[in-house]
Structures are given as structure tokens and as C-alpha cells.
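This document starts with two versions of one protein chain, written out as C-alpha cells and named structure 1 and structure 2.
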Structure 1
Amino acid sequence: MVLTLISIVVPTLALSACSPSNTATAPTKPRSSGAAVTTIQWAAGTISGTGLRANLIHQFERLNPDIKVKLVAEANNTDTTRAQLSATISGGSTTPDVYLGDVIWPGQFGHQHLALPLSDYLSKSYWNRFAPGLVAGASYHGKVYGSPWFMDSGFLYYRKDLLARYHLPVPTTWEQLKSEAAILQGRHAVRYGFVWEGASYEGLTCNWMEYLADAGGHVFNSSGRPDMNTPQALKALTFMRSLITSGVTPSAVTTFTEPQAMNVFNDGQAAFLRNWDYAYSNSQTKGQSTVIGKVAVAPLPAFAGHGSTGFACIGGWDMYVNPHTQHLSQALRFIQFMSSLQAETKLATIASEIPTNYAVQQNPEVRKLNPVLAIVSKTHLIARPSQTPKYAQVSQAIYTNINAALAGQVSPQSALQQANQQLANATSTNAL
């Protein structure tokens, strides 16, 4: 999944939203430079190609002259980075001291002792600065392993020109979206009503979590047992399949990843799109979109009777600490700074990433930057079931069976039964 937006470079903004739990950890004035200087390594991939990493390192070092930060470039491929870090840290390396990692890593990295349980070292009040839902997604067995840094989530993109032309409101329920999509198809305004990510891959797990949570379902119950063979899950999957059988969604959606769904929408062939935060900027880019100026964004819908805003799956990246680091206090100072008001504001304004600091999300000046940042605080977040070292098998059990049902290869009921059994097999030797 693509996790970055097209960059917007603007001056650093004044913060108008601040509370005691969101005050910056880093001091407003530089520390004394009399202490010996310690160098720590931070491994991180490129952030939107904006020079953000160097900018933040410079500010941190100015505020903390006793610490130097050496940037180590990570691969811009999640699986490659995970494999490299796993090999390095499991071999006992003391560096990198801090590293950037996917939000779905806490289970594996916590279980394999590849990351420090940060909640053992940082106060409870520290975690109050983050937007609701993010800390739970960074936890494993009751401990928090990742300090959220920037987030991603699903959004509903729609053709505002078409809704205005045919006097249709922005849909707030899935049923309403399906109905309006059919109306627009019937008026020959678009070829397809609604496109999304339905291929047999991780992106479908993300889509599934949104429908499942909207229906009131869960992948695992409170005791950690598989819980997908339920009426709630059946409701969610039956509706997803109905989008295809009704013709609102093309049958080819079962092969769509993010780029395919995005391309159909950018070509003007669909009225609605589910995609990640970068999709708005993508749809407004000359040379790759025919719908520039015609697109707006809203929170994902909910099922009727379940409120007016649905759940959005969490994506993004967290800051982790190497359990073998020889510079723990310095590493902790660095990650606290990176989630501070100053750093998170730079993240939003320089790179146009979604900040995890809730006060920054609420800042009116940040929200003015683009339509996605304007509504991100309205979304209800749902984490993938990654609080297990066997998450790769868990996700595969989800997306392969959901995809089979969407493609009409098996019934929704059979798909859920099979998924539940595979979830049980995947987690049988590892308590969640």
C-alpha cells in the first residue's frame, strides 16, 4: 500500500490546539552542550521525497546538542525492510538504535524480541497524545512496542460534480452508496459505480476490516479465538459480494489493487473510490487524471443503523527501539521528540503525511492544507488483527477466502467457515 501523499511545502504553522498531554516532549530551548556527544542511528525510508528526515534530525540535534543522529536509509519496500531488520537485530546488533517500521509489526517484533516494549519506559500520559485507536494497533500482549509516527487510513473519494448534477447527497451508509452508484450508472454518467481493492492480497484484508467492523464483527473474540464465522461477518461479506453481483462494482475488482482502482477512478469511469490518503493528490495530478477539480473526499460510510461514519483501516509507520541499543535514554528522547507537536507539525506541513499527534490533527491550520487532512480526525480507526506473531498467516487466511467469495468461487458462508478454520490453525500454538 502506498503510504505517502504528494508533498506540499508550506511554512511551519502556529499550533492552536494543545493540551497538557500533547505538549512537546523536547525542550523549547537547546540543552546545555557541555555533555559528551552520543551518536544514535535511525533507520528510516524516504518520506515523500521532501527532505523531511534531515529537517527533523537538524531540529532535534539543535534542541539536544548532546545527541547526534545518523540516518541509515531503509529500503522502500516493507517486506524487504522487515527481513533486513529481523536479520540484523536477531543477530544481536546494537544498531540501528531506532527504526521506522510498519504498523502491523508489533506482534511479530514483540514476540521475537526485535523491539523494545516502550510502555515499560514511557509514562502512561505519553500515549495520550495519539489519535484514538493508534496505540492499540501498536500493542502486543498488553505492551506498546511502536510509537505512532504517521498514519494512513481508508477514505471515500467521490465525483462531487456528478453528485451535484444529479442532486445526490454524499453517502453516509454503504446502502446509500450502492443506491447512488446505481443511479449514476443508470444515467450513464459513469461506467462503474464504486471501485475498491478486492484482489487476493493485504489490501483486501484492509478493506475487509472496514466492512467487518461496520457490521459489528471481529476477526478474534476477546479471548483471542477466531470469530469470523458470525452473522455480523456474513452481513459484511454478503454486502461486498452484492456490490459485484448488482453491477455497481465491476467483477474485475477481484483483481484490483490500489493502482488499478485508482486508475479507473482517474479515468472518469467510476463515481466512488475507496483508497488511501494519497488518492486525493493522485486524482489532482496533471498527466495522470481526467477528474482534476471534480473530486472530493469523505469518511468511509457505515452500515445503516450503525452511525453516519464507518471504520477506516489503519496503515502507516511507527517508531521502534532496538532492544540491544546501548543508548536507550537517547533513543527514547528521539522518539518522544518525533511525536511532539513540533515534529508532527513538520510531518504534516512539509510532507503532507497524516500526523498521529491528535492535537496536530485538530489544528485548523493543518486541516486547511488539503481535504484529507481536513477530515482525518472524523474517521473511526480499526486496526488489522496484527497482534500476533503469525499475522502473515492470519492475513492470508482472510484475504484468500474473502476473495474466493467475492469471485463467486464459494459461498460467503463457506468462505467464513474456511477462514475461521485457517485462523485457528495459524494461531493454535501462539496465544494472542
Structure 2
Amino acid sequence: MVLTLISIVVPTLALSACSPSNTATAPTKPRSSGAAVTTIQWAAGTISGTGLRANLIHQFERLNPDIKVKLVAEANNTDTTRAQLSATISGGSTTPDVYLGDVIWPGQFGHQHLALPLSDYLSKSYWNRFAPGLVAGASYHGKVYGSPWFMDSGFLYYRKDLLARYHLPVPTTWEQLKSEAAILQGRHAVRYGFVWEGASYEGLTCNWMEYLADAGGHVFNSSGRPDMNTPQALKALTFMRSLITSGVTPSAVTTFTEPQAMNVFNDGQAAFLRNWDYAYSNSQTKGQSTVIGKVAVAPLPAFAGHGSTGFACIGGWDMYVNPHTQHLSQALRFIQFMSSLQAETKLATIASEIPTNYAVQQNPEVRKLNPVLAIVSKTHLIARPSQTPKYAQVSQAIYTNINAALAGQVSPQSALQQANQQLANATSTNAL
């Protein structure tokens, strides 16, 4: 009898003892029963195709027995995911409670009230755990909307076996990359030289930002006016097009998103690949790659005479909270766990992602296990112009026109003119 009493009382005590500390930074909704298990929904895409999400959820649930996390799959590309989330949340849906969203969303999602301003609910000290610059990137008009989860940037993946066999150095300029790729193709070592993401979608904007910044160009000038019709931009676009016309890059690249580029590289058909962090572990996964042990990673090249390292577009994914959630305190506990040392270490070692938690990023043990992380300090980062609620249109003005030029439909010159015009429309009116 006494035993049963204790077994009922003790868990309740334990729960009530730990709940204030866990939710000190968040407004708690009174719950009728302390023992009740709450289920929250987390929408997230696959990360490196590994079992990372389930692994992390399992760990979180062990530490928080009163919360269950239900995983909801997101689409495999950022544009579709955004469309689904914005339709769901603007329609007032209370789920998903937490979602993984692109780093470029705070402007639009903050403006359209599709994400909760987390800085209103989490203490100031929470944000100290992140690597410099990340919190600013997740903010819009002074409020933080996303809790950074992993950082992404563009990298150059190359076949180290082929470069060694033909005595070629790792390219540090675009011109060098192009000529080395042509040499390897000429020796029939590979079918294609260099693959990247050139389809008409967000990923092309990322690729474009890298060449554009390398050539010294920009999308908007310092006073915020569209300024992409410049000699620098022309140099960047002409070079990208020349990759295709010279045969170094297959013309099919104008239909490539990440998976297609990855497949060609994993299939051993390309010497060089531009892709994100995950590509390293993806290329080393049994059953989906024929180039295991033959791949190395380097910073992206620069144009000759423009320094020794090129720019890499900043990407990455943040944890956002649905403003209509019915389980706010649980959602906040979940995102706090996901940026913790423990979760971020898993993220960095199981998947080759760059952790946003600064301590994990700097940990030499973690760096040893993640070759991408080891070179991240050498890259120059360039952000997309996403600090505007109109970013979707801005990006569309960029990628549709760059894609048309890559496909040879229009000249680089007129593509840039057209893009500049559409950028002006996108930022000024409610245009389509």
C-alpha cells in the first residue's frame, strides 16, 4: 500500500520539480494532469538520407517522457516545402507544432506571421550558444524567428583518386577547374567534368550567388536598388554558360536539382561536384554510391586574380514554431533540445552537417569525424538577399533568367537586363 502510494507520488513530484526549470523561459499553459503525454508534430525533410531524425527524436523522448514527437515528412525541395507550410499555417492549422525551415524564410515568414517570434519566448541567453552571425540571419525586424539547427554552404567535392592518378592539383580557380575537368574528360577518366544545380529553382540562385560574388558583383547595391546588370555579373554568367558550351558540364545541368547532380557524381560519372554539406556523407553511403573512399572536399574556387578561395552561399535550416501551436512549451523544449550540445554533436557526426552550436562546431573531436566541418573556416560566405518579405520573387527573378541563359534561350546580356527589370518590379509592387 505504501509502495503504491510512493510510486504514484514520486513521479508526480519529479515532474512538478523539473517542469519549472525546463519551462522557465516559456509561458506555460496549465495542464490538468502532470502525467499526461503530449504529442507534438515536427515537420522535417530527410537529412543526409540517414536515420538521424528518428535517432534524435528517440533521445529527446527518453529525456522528456511527457512528450512524444511525431515526425511529418517535408518535401525534398525548399520551394515545395514552403508552399505546403505557408498554405497550412496561413489557413490556421495548429500542426505541425515545430517545423524545419530554410534560413532564407525569416523575412517572408515573419512578415506573413507564419512563424512565432521565438525571441519573445526564449531568454536572451539561449541565443549565446550559436555560432556568430547565425542569429542575425534568423531575425527579421529585430525579432528572432528561427532557432538555427544546421548550417549549410556550398563546397567543391572532387575525385581525389582521379586528381592523383593524373597528377592534377585541387583547383583553386574556376578557370583551373574547367581545364582540369576537360583534361579528365579528354583522358576518358570521367564522362562529365563538373556538375552543379542549374534547374529553374532556388538552388540555382545559390549557385549564382557564388559566381556573382566571385566576380565582384552583387544583386542589390548599397542603397538597395537592383544592380545585377553589370560587367561583373556578365563575367559570372558568361563563365557559367561556357561550362556548358565547352562540354565540361552536361547541358542537362539546366534541369538538375541537388539529387540529380548527386546521382551523377555518386555514379562516378563526374570529376567535380558543387553541393552542400550533406553531399560528403551521401557520397560515402553504401548502396547509393560507387565512389566511396574516392571523394574529398575543398572550398569552392575563385576567379583567377580574385583571391585563393571563392565564395560559398550560406544555406541551412532553422527550427521554427507554428504560431497556432497548442503545445507551445513542449515545442520550445524540443527546439532547445535540438540545438543542445548532445543533439548538435549527433547532427555533426552522423550526418556531415555543420552544427550551429558554436561549442560543437569548435570541438576538435567532432572536426575529426566531419571533413566538411574541418574546412568550413576557410570558406568565404555569401548570403542571399533574403532580408525582405519579397525574397521569393527576388529569387524567382534571378533563377528563371539565369536558367534561361544557361539553356541558351537568351544571351547572358539580355538575361541580366531582364532579371534586373524583374527585381525592380518584385521589390516595388505587388506584381506577379
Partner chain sequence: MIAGYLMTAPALIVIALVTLFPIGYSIWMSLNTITSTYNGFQFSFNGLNNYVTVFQNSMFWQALWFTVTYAAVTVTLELVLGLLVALALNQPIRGRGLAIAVMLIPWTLITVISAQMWDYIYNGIYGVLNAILMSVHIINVPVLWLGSPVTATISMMVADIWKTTPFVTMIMLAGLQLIPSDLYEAAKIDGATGWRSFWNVTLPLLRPSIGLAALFRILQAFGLFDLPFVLTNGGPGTSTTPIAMLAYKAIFNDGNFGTGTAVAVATVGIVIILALLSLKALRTQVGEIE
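For numbering, take structure 1's sequence and count from 1. Heads up, when I say rigid core I mean the largest set of C-alphas that superpose within 1.5 Å between the two forms. The structure displayed is predicted, hence computed values, not measured ones.
In this pair, structure 2 matches the form predicted together with its partner chain, whereas the other structure does not. Domain motion between the two structures: the smaller of two rigid parts turns 31° against the larger, based on C-alpha superpositions. For Val366, the Cα shift between the two structures is 2.9 Å when the rigid core is held fixed in the overlay.
Once the two forms are overlaid on the core, Asn76 shows a Cα shift of 8.8 Å between the two structures.
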